[in-house]
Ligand SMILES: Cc1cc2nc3c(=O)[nH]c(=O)nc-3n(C[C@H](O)[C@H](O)[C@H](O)COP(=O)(O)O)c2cc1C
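Quick heads-up: it's one chain on its own, the form predicted on its own, in structure tokens.
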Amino acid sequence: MKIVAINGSPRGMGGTTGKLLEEVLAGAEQAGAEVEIVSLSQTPIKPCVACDACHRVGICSIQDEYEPIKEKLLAADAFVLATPNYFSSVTGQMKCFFDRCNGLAHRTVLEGKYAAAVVTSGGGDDQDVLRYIGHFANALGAQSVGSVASAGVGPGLFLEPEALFAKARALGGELCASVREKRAYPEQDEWRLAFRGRMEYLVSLMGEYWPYEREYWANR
């Protein structure tokens, strides 16, 4: 079982987000998973330029690390999205990555995969960020198994770390169990399946301009 973690922290694995992500991945490894971390601070992703290449030919036109990271996601059984909470949203690094995934979302190509979220902040109030990440995962077709979030009190420091880290490791184990047992999360189906329907319809309208995606849906 392979799990890929995408870390959107500008501090990479050296910050509070990296520390909490490490605990989630430790739980996944204890459950038998092979894990890989992609730190966007080390593999920066440029903003989407709306060239439509992903829709027309299936490959992004921008020359950076997006395509290799995309292939890691496609090959993984599950993924973890980790970010600090910046003004009630993900970091700029993570947002650039999310936007570049629009070709994946148009095909909801990660159906059958599972996701988890990790969020840290200075003052808490992380629910909007967690909801946004969950919707992103559902838009790609994946099901979200849960999340862990906490306010930090310094670099890599948390209030009540033992309880928090136990929850994080349990989330990693839950992610693995969901893959093994092919768990369903029906409470996500209404939004996830409605989004898939909108994408299929959108591609049908734009098929002349987006031949790659038109072909994908025709053969699905």
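Just so we're clear, the structure is a prediction, and the values are computed from it rather than from any experiment. Throughout, we count residues from 1 along the sequence that is shown.
In what follows, reference is made to the form predicted in complex with this ligand, a form of this protein that is not presented.
At least one heavy atom of Y86 is located within 4.5 Å of this ligand in the predicted complex. Taking the partner from elsewhere, Q93 is found to have every heavy atom lying beyond 4.5 Å of this ligand in the predicted complex. Shown alone here, T120 lies within 4.5 Å of this ligand in the predicted complex, counting heavy atoms only. G112 falls outside the set of residues with a heavy atom inside 4.5 Å of this ligand in the predicted complex.
Taken together, the three residues N102, R107 and G207 all stay farther than 4.5 Å from this ligand in the predicted complex, as judged by their closest heavy atom.
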